[in-house]
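In the block that follows, a single chain appears as structure tokens, in the form predicted on its own.
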């Protein structure tokens, strides 16, 4: 039996659960209220951003805060090309534009490490935002652009497809030689370079791949809006929230970022509605508690409980055999 067959057989329960959840999500627009579709669309959007962030930052250990830059590029791609291109082509262009931007930023910044990389990526968001704002006001004489509106149901299905593609990509990438190279960089970059891995190329390509999916998401969700400008498109919350959601859910597992995005997105919706002036304080408190008591996120907590339960069963079985 091949390794692939053994892996598939081992994960049959997870695959079955995933297919069931996917079928339920696909059926939601047929029996739910419009508000539910919009809420799930926002949750899926954050799930896509969080998975994309974790695709690069999870195995390599580099904390990127440039998510808002690539998301904003996708949004502006939709604003400029939405009237002249069909939806699938326009969304693909948004992904490619973010991919190319990530190649440039990655080639410049991914020789930096630690806090320097994080600060540079965060600064790149503000730089693009302010330059674009200046260009619109000074050169074009206007601020922002209208966006071609598409139904929330269509946007919902496209974002759902992006999340599925991301999960499949993450799953197989982690189990490939390329994924092993990324994990080696995260464990010890110098050792990875010594054994022959082109660490710069691996980091830049992974960074661009994750940004491609962020651009797809931005171009898709922009079609659910009516108007955008640089401050809407390049909102720094789109850099911070995916990072927090990934940490909350657990970075080491493909389901962790999705769970973190789902919980935080729903919590954000409730807090903004009921506590509009205090929800960021509550967010901060939740994150502090998570870092202190759940360093591996929700997935880590579940795995710890599972190990204790199974460990207790094994110990009981062993004692019975001895007796």
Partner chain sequence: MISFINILVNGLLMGGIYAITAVGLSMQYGVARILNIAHGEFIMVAAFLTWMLHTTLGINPILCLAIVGPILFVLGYLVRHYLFKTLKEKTPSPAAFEGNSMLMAFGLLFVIQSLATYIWGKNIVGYDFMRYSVYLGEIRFAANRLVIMITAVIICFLFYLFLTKTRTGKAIRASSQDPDAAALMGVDINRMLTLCFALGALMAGFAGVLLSMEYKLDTFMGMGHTIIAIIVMVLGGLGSIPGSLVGGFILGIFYGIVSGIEPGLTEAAYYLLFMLLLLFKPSGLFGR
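Residue numbers count along the first chain shown, from 1. Computed from a predicted model, the values in this text were never measured in an experiment.
Below, we refer to the form predicted in complex with the partner chain, which is not included among the displayed structures.
Of the stretches 24-32, 257-265, 39-47, 57-65, only 57-65 has residues with a heavy atom within 4.5 Å of the partner chain in the model of the complex.
Shown without its partner, this chain lists 134, 80, 172, 227 as candidates; in the model of the complex, only 134 has a non-hydrogen atom within 4.5 angstroms of the partner chain. Shown here without its partner, the chain carries 86, 89 and 92, none of which come within 4.5 Å of the partner chain in the model of the complex through any heavy atom. Interface membership of residue 120, defined by any non-hydrogen atom within 4.5 Å of the partner chain in the model of the complex, is confirmed. The shortest heavy atom separation between residue 240 and the partner chain in the model of the complex is within 4.5 Å. In the model of the complex, none of the heavy atoms of residue 96 sits within 4.5 Å of a heavy atom of the partner chain. Of the heavy atoms in residue 124, some are within 4.5 Å of the partner chain in the model of the complex. Residues are counted as partner-facing when one of their heavy atoms sits within 4.5 Å of the partner chain in the model of the complex; in 207-225 not one qualifies.
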